[in-house]
Structures are given as structure tokens and as C-alpha cells.
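The data below hold one chain only, encoded as C-alpha cells and taken in the form predicted alone.
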């Protein structure tokens, strides 16, 4: 008869930079039941969004998650622009794509470094984050800050790019691409990595769809769903196709994010090469009135904003649904039957962000 033991995983754990707890029931060395415990982080951001003047919320929502702050700012601005009935200039749409994809690149590189760290590959972790530093330098050169860049504004963007900045960005992207091609085989073709990821945390296609998972976690299970395909900002003009893998395991999720790094570099290049001339801002007029829903593709998956305006400078409601909320229930399908030693890697494979989820 199997011996049952209940062990807490988290809320403090070396592989997770944020607090999430999984109460795991072990049957000998295999995982039986898994119960998540959330609620360690709460900052009242949605309520604050109803107290601020609506233009100030651009800066507020970027604090929901630093790693994908440009995407939060973009989603909020798209929602307010829908209520105000305004369209950003074409150049602003292309610049929004550039900064959103730079954040996707640095988010995926951060995750790949954490994956290496989870296996104990400290040197590889530092080398991947060294590549990420190049992306952070580009953000600083083009937007003035390394993490929360606050470039999106209602009606366009706050900053433009000079020819010199475009050239520097292109050179930095070429350097990132060269280093990634040299270093990624050390992760994706390593025997130890494959032993710890292939066949681990399998999420079949039908379960991924039924559970409503999003982002790389969904695409690694064979579903070609990516909200950039809807063509918001300038994505509809850049020839976008989603990256898909079929296996649905931890290895497939790593491969999707690695391939998306190269795809993101190509998207930024195309956006800069086709950057239209013209203004970067459409001046907003009036106050938002009515309801609007906007869905965009953050680095971790679908990010949804629901805003309600009542014709005043304050919103009546601001609701945010982040990708981790959709992906966390999949852990309850992926973990049972795995070994206890696989818990950190399987949990990390959905790229959880708890500060996003709880706010």
C-alpha cells in the first residue's frame, strides 16, 4: 500500500521568484492530488484604476507586470481608444509592435535563463541573461528605461525613433540572434535537459482547449492560437504566423519560447524596415463612455482588458485578466502522476507570474 504524504511546494521556493503554494499529496514518490493556494499578493490595482484620471492609468497598468509592461500599456490604450473612437497614426502602430516585441524577447530570455537555473546550469543561466542585457540596453536607448518604459499613450506613442536608434537596434538584434543560435543548442539538445523535460507535464491538445490555457503553453500542445493573428497594432501588416509544437510537454513549451525568440527578432526587423513616416500621436478628445474589451498577446499568452466609461474622467470599472490565471489550472492536470522532483520544472514551464494574477 502506497504511503501518502502531504508536502507544501512554496510559497517560497528557489525556482519561483513569486509566491505560489501547491499542496501536493505524494503516494510514495508519485504525485497524487494537487491543490493550489493563491492570494499572497494583492495591490488593489483595479480599484486604483477607478480612482485615477483615465490617462494616468497607462502608468498604473504597466506596474501590473514589469516584464510585459509595454503589452499592458498597449492593451489599456487600445481599450480607451475604442471608447473614444480614435485611431493611432500608422507610425505609432509600428512603434508599438517594436516595443511590445522587445518585451516579449526579454521575457522569453528571462524564462530560458530560469529554466537553465532550475537544472543547476548556473553558467548557462548567466550567459542567457547576458543576451537579455542587450535587449534591456535597447529598451533603455530607445525608451529611456530598462523595464517599465511607458511609451504607449492614448492615441499613439510618446517617443519616436531616430535613424541612428533604428540602426543601433538592428545591430543589437543581429548580435542577439548570433548569440542565441550559438547557445540554445546547449539547452535544447542537452541530454540532461531532455531527460528532465521530454514526456514531463504532458498537456494533450483536447485538455489544453478544455482548460482554456493560452500562449506558449497552448501552442506547445498543438493549437495555433495567437492573438497577434487578429492584426491589432501593425501585426496584420507584418505577415505573422504562430509558432506551434505538438508534444505538449515541458520540452515542447521550451522549444516554442526558443523559436519565438527568433520570430520576435524577425518581427521587430520587419516593423523597423517598413516603419511609415508621419505623426506618432492622435490627440484624444472627450472622456470615455461605454464598454470595451480588448485582447492582446502578452509574452505568457492572452491578456484581456475590460473597461467601462461613464463620460467622466474616471472609469467606472477596469478589469484585467492575465495569462497565468488561465494557465494555472493546467498544473492540476500536468502534475498528478509525475515524480516529486519534476514539480519545479513543470510549474516553471507555464511561466507563472503571480503579481500579474493577483495584483
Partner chain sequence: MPKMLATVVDNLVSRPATRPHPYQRREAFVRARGRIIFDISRCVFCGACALRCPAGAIRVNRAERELVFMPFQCIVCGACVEGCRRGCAQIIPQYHSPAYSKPEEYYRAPLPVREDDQL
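Residue numbers count along the first chain shown, from 1. Predicted model only: the values in this text are computed from it and were never measured.
Separately, the form predicted together with the partner chain exists; it is not shown, and the next lines address it.
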Give a yes or no for residue 130: in the model of the complex, does one of its heavy atoms lie within 4.5 Å of a heavy atom belonging to the partner chain? yes
Is it the case that residue 148, even though its partner is missing from this view, gets within 4.5 Å of the partner chain in the model of the complex, heavy atoms only? yes
Can you tell me whether residue 56 touches the partner chain? I mean in the model of the complex, with a 4.5 angstroms heavy atom cut-off. yes
Report whether the minimum heavy atom distance between residue 291 and the partner chain in the model of the complex is within 4.5 Å. no
Residues 63, 142 and 165 are flagged as a possible site; in the model of the complex, is every one of them within 4.5 Å of the partner chain by some non-hydrogen atom? yes
Go through 107 to 115, 265 to 273, 245 to 253, 152 to 160 and give me the stretch that gets within 4.5 Å of the partner chain in the model of the complex, heavy atoms only. 152 to 160
Could you spot which one of 137, 241, 175, 87 gets a heavy atom to within 4.5 Å of the partner chain in the model of the complex? 137
